[in-house]
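In the form predicted on its own, a lone chain appears below as structure tokens.
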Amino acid sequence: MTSDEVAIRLEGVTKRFGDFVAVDDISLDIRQGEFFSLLGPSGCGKTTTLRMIAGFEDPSEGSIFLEGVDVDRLPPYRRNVNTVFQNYALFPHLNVEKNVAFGLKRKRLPKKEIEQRVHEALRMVELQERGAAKPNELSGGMQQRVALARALVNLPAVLLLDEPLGALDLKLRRQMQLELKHIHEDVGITFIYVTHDQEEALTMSDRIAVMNRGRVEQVGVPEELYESPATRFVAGFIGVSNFIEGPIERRNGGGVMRWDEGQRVIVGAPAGMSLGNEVALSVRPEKIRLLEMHEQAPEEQCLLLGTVRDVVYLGMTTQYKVDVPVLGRQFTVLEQNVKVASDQTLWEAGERAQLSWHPYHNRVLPPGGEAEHTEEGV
């Protein structure tokens, strides 16, 4: 990636608060015009990273570049970025137009230009008819759009968004996700979005950096992170995964874990694998089918035996929790509710079942346990 394609570059950025390392040696290139998300649990360092880009925190080590310029020594007001916060930070005594115009007036721009830019910003967020309203007269979603307009009216090179939809209810949150994506496409500037919500990040982002304990575990497009997680943490944090560990025996150049009663997990031939190696892998719940005990699963399919313990009807799908004794753990299985006959029924708790899936859906993971999610922090 050439320097003129990069909006934000982080080189070896670390942030310490006393002995605590909040951000640990992060290097990232965020492209011009990209919708880029920092995703992770509370305390993983994503908000601290955003605050360093904005200039609200100084890196302990490393450098931050905005459009090729080192901004480490620049105060926030001299960086061509704007931030949208979760609490909106609107001025309650000013109406919508004056809230949006506030930054332009501080720059002492001509009145005509301010009016034009405010009108265009409100049109962009579809609030051109509410310019005279006060913030307390608007819904949460409208207030969020005012905050967006106030940030965008300054024409920043980069817009920073710190969990901006966190205070909204689920339905409005999903609506605003789509609106944000459309606004991004309209304005064409770089968005850097902080969230702990996996679905939110997958819905809106061009690329995502998954963070854990101050480090970036993986960067990729949404499909890559979901279908091909690089670490156990990514597999467990983005969506739901079932984990399997066991020794490998070679069969016809490939690898198989085998147990009694025909149970098997086929893992292909991971690089460096040899007889007896312990391998860890993950498989997503929606890739697994539940079969009656009398059904014959194809030999090329993975097969485990279990007992259904919990059934949760979710409308379009049903979630099953299935005890798998040979692994000593419970699997999650997600099946679509597609009735093929009027008498079709859901599985019931206590029923024995076969779990079957194609080996293509197995993802071999590097060794090491899943990192714990930290609680509220930086």
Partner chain sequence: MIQKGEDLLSGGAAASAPAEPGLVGRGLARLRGRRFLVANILLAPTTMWLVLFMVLPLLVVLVYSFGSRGAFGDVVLGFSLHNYAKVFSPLWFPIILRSFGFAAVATLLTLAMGYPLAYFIAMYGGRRKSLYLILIMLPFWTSYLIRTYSWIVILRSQGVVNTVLTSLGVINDPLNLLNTRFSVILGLTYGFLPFMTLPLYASLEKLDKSLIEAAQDLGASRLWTLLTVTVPLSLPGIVAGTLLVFIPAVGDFVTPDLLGGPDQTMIGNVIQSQFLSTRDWAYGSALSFSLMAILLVAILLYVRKVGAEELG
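Quantities reported herein were computed from a predicted structural model and do not represent experimental measurements. Residue numbers count along the first chain shown, from 1. We call the rigid core whatever largest set of C-alpha positions still superposes within 1.5 Å between the two forms.
Below, we turn to the form predicted together with its partner chain, even though it does not appear here.
Asks: Counting only heavy atoms and a 4.5 Å cutoff, which of 111-119, 171-179, 223-231, 89-97 contacts its partner chain in the predicted complex?
Replies: Partner-contacting stretch among the options: 89-97.
Asks: Honest question, do P76, G103 and K134 all end up within 4.5 Å of its partner chain in the predicted complex by heavy atom distance?
Replies: Heavy-atom distance to its partner chain in the predicted complex: all three under 4.5 Å.
Asks: Between N212, T190, T83, Q144, only one gets a heavy atom within 4.5 angstroms of its partner chain in the predicted complex; which residue is that?
Replies: Partner contact (heavy atom, 4.5 Å) among the options: T83.
Asks: Identify which of S282, Q263, N154, Q128 has a heavy atom within 4.5 Å of its partner chain in the predicted complex; exactly one of them does.
Replies: Selected option: N154.
Asks: Even though its partner chain is not shown here, does R51 get within 4.5 Å of it in the predicted complex, heavy atoms only?
Replies: Contact check for R51: yes, within 4.5 Å of its partner chain in the predicted complex.
Asks: Is there any non-hydrogen atom of F56 lying within 4.5 Å of its partner chain in the predicted complex?
Replies: Yes, F56 lies within 4.5 Å of its partner chain in the predicted complex.
Asks: After core superposition, I'd like to know whether Q143 moves between the shown form and the other one (criterion: C-alpha shift of 2 angstroms or more).
Replies: For Q143, whose C-alpha is compared between the shown form and the other one after core superposition, the shift is 2 Å or more.
Asks: Can we say the CA of H184 moves by at least 2 Å between the shown form and the other one when the core is superposed?
Replies: Comparing forms between the shown form and the other one, the H184 CA shifts below 2 Å.
Asks: With both forms fitted on the core, give yes or no for whether the Cα of V219 moves by 2 angstroms or more between the shown form and the other one.
Replies: No, shifts by less than 2 Å.
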